[in-house]
Structure formats: C-alpha cells, structure tokens
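The chain below stands alone, shown as structure tokens; this is the form predicted on its own.
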Amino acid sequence: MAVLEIRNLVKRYGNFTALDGIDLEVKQGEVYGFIGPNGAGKTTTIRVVLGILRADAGEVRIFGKDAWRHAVELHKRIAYVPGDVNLWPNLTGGEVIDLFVRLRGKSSAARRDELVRRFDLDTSKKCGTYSKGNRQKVALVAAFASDADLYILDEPTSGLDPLMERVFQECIAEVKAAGKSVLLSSHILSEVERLCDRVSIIRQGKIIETGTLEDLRHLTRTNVRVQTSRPIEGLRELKGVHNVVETERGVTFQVDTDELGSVISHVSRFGILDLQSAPPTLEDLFMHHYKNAGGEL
C-alpha cells in the first residue's frame, strides 16, 4: 500500500521550473532514499508534500488524502526533521521536545527519555545555547518519540558526529521494523545505501532514476582487482574495460557490468592468483549520472 504518492508534480518560481513532473511513491514499511545535489529540488518536493508550498500542477496524496487540502489533519501522522533546525531560544530542549510531541498527540514518555539518553542530549539547556548538532538532536528526539506513521527527513544528520549518526540509523531500523514509512533526503550516500529499500535520483527538478540498488547497479561499472601469474595481454582493448592501473599487487580496472563475464573469461587465461570485485556503490551511480549529463555537484 502506498503511503505517499506524488504524480507529475510541477512547481515554478516565475520563469524557473523547480520541479518538472516529479513521480514518486513510498510504500508502507519502506525506507525511501531521495538524493541529489543542492538545488536539485529535494527540499522543494518535501515542502510541497508537507503542505508548506502549493504545487502548480500534479498531485500529492498522503494516506490517500490531498497533501494541500488536508495538511493540518495529515501532520498529526507525520514527523518531520529539516536539515537546519531553528528552535525557540528561550525554551529548553526538553520543553521544545514536549511541545512537538504533544502537537502530534501520540507519544511515550519512556520512549522520549530513552531517546534523550541515546542521543546524549542535555534537555535542561536553553535552545539558544545549542550547537547545530544539538538542535538536530532535539528535532530527532521529538520525531522518533512521537508515534508517527510517516517520517519525512530532509538532511536529518547534518551536524551530527559519527556516533550520533549510528544512533540515528538504529532509530530508522526501529521505525521500519514497526511498519512505519520513511522518506529520507540526504547527501550522505553511504547513509542512504545502508538504510534505504529504494532510491530516487533527482537532477534539475526531474527524477532520472528510481529503483532498488540492485535495479540500478547495471547502469555503471564493477570495480575489479586481479593478480595473475602472467601479464594480462590486451586488457585495455577489451570492450567495457576502463581505467586500467597496474600496481605492485596486480591490476585494477573498472568494467561495464554487462561485459563482466567476457572480461573475466579473458583474464582467466593468464592464471588468476587473486581476484576481488565489488559492485558499484550508490556514489558510483550518482556520479555516473551527473558526469554523463555534464552536471555539477
């Protein structure tokens, strides 16, 4: 069942088209990655989903209801964390967390206290004294302490140290196990790769690829390192082979995935002593698209 449905979404600012026919669907119990460089349209999409901006065309439905007309009602079932959290400077972190949680109506004091401990947050301090990382912690504790059905997270770990990023990833796994849905916008590709079931790549306001990582990995190259008993002849001339580098430990190169079988067959004729291969990462996929399009990151 689809929790979030975006169909042919268009948003313009004067003559500039920020979103040009976006299609996206998040299913129940799914963690969905939404990646792209700054200015690609991620935050604009999220603001339309939240009912902060009104679309010029297209449709956004959350739990089957129109995101603009039913925004107030829908927000009771949504937890949102922006990438740059602004808080009331004269309230303590604990007061802000309690306010956000009460607005959503469903919460657990025990869960709140557990999250405060896990994120190592001093809730007695005024928000005006918090660092960026601590402001993010306040928003994350408030989000995960509420019993939301859809978590919309826009660069949520900005400002967190690696230890707190790990706590965040644990929280994502917990809400997923509880059958909740997550839309995660992030520029930390390793984070998206580790957490997400499916991914959409956005460029200049358009979705250019969507699928699981396994679906998308055919689009780029596999990294190979091989050591052989004899020098490999003709490797650079083989179809699909790129970036051949000879080292003391053998030869490293990249190969188009659909040519991998024939390349390994050729290499095996020279006596393989050691062979290591790694599938393309999400970062490889991302860079592949932007380089091919002449895009700038």
Partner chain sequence: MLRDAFRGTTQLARFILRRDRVQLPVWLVAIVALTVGVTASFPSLYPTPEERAIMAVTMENPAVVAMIGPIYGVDDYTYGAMTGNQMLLFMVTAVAVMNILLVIRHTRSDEEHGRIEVIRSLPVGRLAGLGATLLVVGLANVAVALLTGLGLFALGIESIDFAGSMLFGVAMGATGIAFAAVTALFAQLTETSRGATGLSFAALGLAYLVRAVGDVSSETLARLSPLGLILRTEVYVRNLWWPVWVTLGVAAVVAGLAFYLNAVRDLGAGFLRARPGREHATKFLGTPFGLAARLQRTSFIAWAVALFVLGAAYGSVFGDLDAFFESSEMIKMMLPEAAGFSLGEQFTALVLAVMAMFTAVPVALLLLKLGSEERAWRVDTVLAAAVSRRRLLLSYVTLAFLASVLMQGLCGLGFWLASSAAMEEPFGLGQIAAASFVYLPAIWVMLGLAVLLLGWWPKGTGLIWLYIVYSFFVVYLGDLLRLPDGMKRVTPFSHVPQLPVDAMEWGAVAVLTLLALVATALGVAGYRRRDIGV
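Positions refer to the first chain, counted from 1. Source: prediction; values computed, not measured.
What follows is about the form predicted together with its partner chain, which we do not show.
Proximity to its partner chain in the model of the complex, defined as a heavy atom within 4.5 Å, singles out one entry of 118, 203, 176, 104, which is 104.
Although the partner is absent here, residue 16 sits far enough away that none of its heavy atoms falls within 4.5 Å of its partner chain in the model of the complex. Among heavy atoms of residue 213, none comes within 4.5 Å of its partner chain in the model of the complex. By the criterion of a heavy atom within 4.5 Å, residue 193 is excluded from the residues contacting its partner chain in the model of the complex.
In the model of the complex, its partner chain sits within 4.5 Å of a heavy atom belonging to residue 54. Contact annotation: its partner chain lies within 4.5 Å of heavy atoms from the stretch 68-76 in the model of the complex, the single such stretch among 68-76, 204-212, 160-168, 176-184. In the model of the complex, its partner chain lies within 4.5 angstroms of at least one heavy atom of each of the following residues of 119-136: 123, 124, 126, in sequence order.
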